[in-house]
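Form predicted alone, single chain, as structure tokens, below.
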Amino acid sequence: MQLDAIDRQIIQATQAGLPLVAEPYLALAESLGLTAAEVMQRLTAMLDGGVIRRIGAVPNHYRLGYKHNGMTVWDVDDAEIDRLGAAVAALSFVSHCYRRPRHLPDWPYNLFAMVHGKTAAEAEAQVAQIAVLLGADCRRHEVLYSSRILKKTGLRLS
């Protein structure tokens, strides 16, 4: 897909987020001298063309009070990982879950799931719930707790 100057303006105007108003696409359109329908049509085309992967909320967990955020890593049987990963991803408190390759002998973990708790006990309870769900299919696990936010933005056009 070839981007024109208007597409670039839309990307630049939205890459830090949509306006926090009742009608963000209308506000964006007005700021660019376009109609809301034209903005929506161009965003849809960029989504369909793969220029934009998704439009979604990016919560700042720390600002929402979730100070105990941990990437849980699990060593599960590769033959069962699709089934287990789907079950873990369906848990309401898991924000994202995915498979990664092992790096033996130092890193045996192949299933990753992010949990968020307002307290350490809440996060630990979530980890325990995942452990129960995985049961005997899990050989071992660890939790890597966040200590600070390093990056919370996507690629930016200048």
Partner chain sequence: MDELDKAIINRLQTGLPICPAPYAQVAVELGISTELLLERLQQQLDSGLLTRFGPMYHAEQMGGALSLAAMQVPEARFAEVTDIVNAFVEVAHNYAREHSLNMWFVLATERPEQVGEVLAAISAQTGLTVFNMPKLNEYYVGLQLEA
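Residue numbers count along the first chain shown, from 1. Computed from a predicted model, the values in this text were never measured in an experiment. Between two forms, the rigid core is the largest collection of C-alphas that superpose within 1.5 Å.
Keep in mind that the form predicted together with its partner chain is missing from the display, and what follows is about it.
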| query | finding |
| --- | --- |
| Contact test in the predicted complex: residue 17 vs its partner chain, heavy atoms, 4.5 Å | yes |
| is_contact(residue 119, its partner chain) in the predicted complex, heavy atom dist at most 4.5 Å | no |
| Contact label in the predicted complex: residue 125 to its partner chain, heavy atom within 4.5 Å | no |
| 4.5 Å heavy atom contact, residue 95 to its partner chain in the predicted complex | yes |
| Stretch 37 to 60 - residues with a heavy atom within 4.5 Å of its partner chain in the predicted complex | 40, 43, 44, 46, 47, 49, 50, 51, 52, 53, 54, 55, 56, 57, 58, 59, 60 |
| Large Cα move at residue 11 between this form and the one not shown, threshold 2 Å, rigid core | yes |
| Is_shifted residue 69 between this form and the one not shown (CA, 2 Å cut-off, rigid core) | no |
| Post core alignment: residue 95 C-alpha displaced by 2 Å or more between this form and the one not shown | no |
| Closer or farther: C-alpha pair residue 55/residue 86 in the predicted complex, relative to this form, given a change of 3 Å or more | farther |
| In the predicted complex, whether the C-alpha atoms of residue 117 and residue 53 sit closer or farther than here (change of 3 Å or more) | closer |
